[in-house]
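What follows is one chain in structure tokens, specifically the form predicted alone.
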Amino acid sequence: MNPSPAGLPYDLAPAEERDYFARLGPGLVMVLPPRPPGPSGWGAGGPPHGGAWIHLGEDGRARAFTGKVEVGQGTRTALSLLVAEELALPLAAVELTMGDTDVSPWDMGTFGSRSMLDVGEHLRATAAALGDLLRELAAPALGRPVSELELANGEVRARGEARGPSVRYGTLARGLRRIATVPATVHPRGPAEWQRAGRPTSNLGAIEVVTGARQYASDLRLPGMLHGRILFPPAYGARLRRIDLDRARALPGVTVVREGDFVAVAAPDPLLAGRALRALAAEWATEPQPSELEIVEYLRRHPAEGEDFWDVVHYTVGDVESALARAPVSLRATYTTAYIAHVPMETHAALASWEGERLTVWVGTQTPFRARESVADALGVRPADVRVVVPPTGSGFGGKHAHDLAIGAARLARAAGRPVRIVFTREEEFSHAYFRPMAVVEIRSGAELDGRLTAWQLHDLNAGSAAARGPYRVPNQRVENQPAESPLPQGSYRALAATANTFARESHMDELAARVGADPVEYRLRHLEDERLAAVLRAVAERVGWRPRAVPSGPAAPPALGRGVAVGLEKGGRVATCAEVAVDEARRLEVRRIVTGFECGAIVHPANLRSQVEGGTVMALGGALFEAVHFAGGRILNPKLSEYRVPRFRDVPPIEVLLVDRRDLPSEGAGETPLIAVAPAVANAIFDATGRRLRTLPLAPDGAVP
């Protein structure tokens, strides 16, 4: 859609200035206006964000729009179910457009497990208001008051009269061009009333996925398209001193672009593009960089200011130092986690095409509106002249926030006068994307002889604030995190710092339980403040047949067997995980069983939620057992899947998922929280089996317990 008459970009124009009907045809449009940034900061860094709109056309179909994107987490189906629920439509009659900056509401991005909490509620309210409008329009035709009418399968009819007179939605929308806004008094259906949401449903597009018909960002083609490659420095911190472009330019059909330090090539086929890249004669100036052997001390010596996802936290209650000094039981320990890569199934990909002054970029990104701003700024054009479309994307895991590829493809396309697509090789993905931050977490604690916690001090270096404050009742606490200047590029990762902070906290709680002779489950339940989390832990303990014990099982005849538990509360979700392991005479580790309980309010799409928990568990096993980025001299030493260990089929144990459906509570996100308790549960199980306390992730990088 074009800029409004007032000259504002489409997504900022007032509702009455938007030309919905030019694109979507006659009908009804219900708009939930975007909201300004709130006290939490959501929406900072951009225009008022969120909101939703739904168009109901003469064909009776509902077309909903959101700025969130689908990168494999299954939210398209769940969000469509909520619209179908409120409008009493079959799921097939709902179309959801996500992450298209020409037609979607401005949104900060898809991260933080916010899709269901934010957009889910926005779409529910918008669809409910549209349903109310349909009843109002149908009342004269049916000769009944609005209060006596109901929605059913695309029709409005008298309540309870399935065989009585009715009027179809498309008939009510015929010839109209009416825009309405969601009133503050709208009341969506409560989860207890759901007939479609919350029930078994297949994922939309599932057949396309399993047959290979789905077109991901890296599959897209346009007539005359060229293939692009970007010249990257040979090491982090390297600066381009000089470069000779002549040999690359001499190759037939090759376009070479240099803008400052940005150098890239485009060619009619990928092989020629690779040849052109290798033909660039570049000289680089490098500087000494720390290796992974030096990284802990390096981070300690290089503090930094907070950034977007680090959110520096300094939380203190009570007198921590005095409580630690008085405590008859005290414990101090340091826990570390490695840099790890996102390893998305689909590497970064972008396709750019110009039509006159208008640019369209198809890119697998979690932040399409920020991508639009970045591309417009880099190319010196108006944001209104840039359209970013997020096609189906093969996972992100927090790793697809950067916009360099979109900018690079746009620069090459402008220079070549033809569409250009850039797709990272796997080695480029490992070497030139960013990583989950390494973490150093130091914890000091104090307790009475009976085990009652009296003091807790947690200091997180570099990872961030997520889950730094734990769910346990402690009268004297100090929690703080300190960002650091990382020698490797680092950024968002699925569950952010909650993976590191939960590993440290739940390992420490287990150590304390052993020190005071308490059962690990009972010890947690004794201190948990959140009854919802306690209920999930009890459910898991019951499922695995947990038997209280005061001391670890300890070494036995090989294989030594052990169980461990861990809990977490993050992004509104509650998780408890129990791991069962075996360690043989050679210290080879086998994870034999994982049981995870999860509660995130009302469940909208049960099958997808179960898949999210299972998939998150497998991903978390990688970070718990094997994954680590090795580096020295500013270079990644294991930039291939043959060198970077991720979970394999034989590594994945039976995984049982217990879903707790709370129809009395709003739906929360589920893409991140199920990961966070896996690593500490495995570490605690290893301690139970062997008596060895491991405080560093990965726990078994070579498959064996150190």
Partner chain sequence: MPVRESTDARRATPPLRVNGVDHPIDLARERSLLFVLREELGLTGTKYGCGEGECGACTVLVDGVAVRSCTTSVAEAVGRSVTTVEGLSHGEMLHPVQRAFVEAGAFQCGFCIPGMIVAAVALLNRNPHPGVDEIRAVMNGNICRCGGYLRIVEAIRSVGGPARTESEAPR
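This structure is a prediction, so every number in the text was calculated from the model and none was measured. Positions refer to the first chain, counted from 1.
Omitted from view is the form predicted in complex with its partner chain, to which the following refers.
The listed set 450, 193, 297, 269 contains one residue whose heavy atoms approach its partner chain in the model of the complex to within 4.5 Å, identified as 269. With the partner omitted from this view, the residue of 598, 369, 493, 339 that lies near its partner chain in the model of the complex is 493 [heavy atom within 4.5 Å].
Contact between residue 113 and its partner chain in the model of the complex is not found at the 4.5 Å heavy atom cutoff. Contact between residue 206 and its partner chain in the model of the complex is found at the 4.5 Å heavy atom cutoff. Within this chain, residue 416 is remote from the site of its partner chain in the model of the complex, having no heavy atom within 4.5 Å. Of the heavy atoms in residue 215, some are within 4.5 Å of its partner chain in the model of the complex. This chain is displayed without its partner chain, yet in the model of the complex the stretch 270-278 from 184-192, 97-105, 139-147, 270-278 comes within 4.5 Å of it by heavy atoms. Contact annotation for 412-436: residues with any non-hydrogen atom within 4.5 angstroms of its partner chain in the model of the complex are 421, 424, 425, 426, listed in sequence order.
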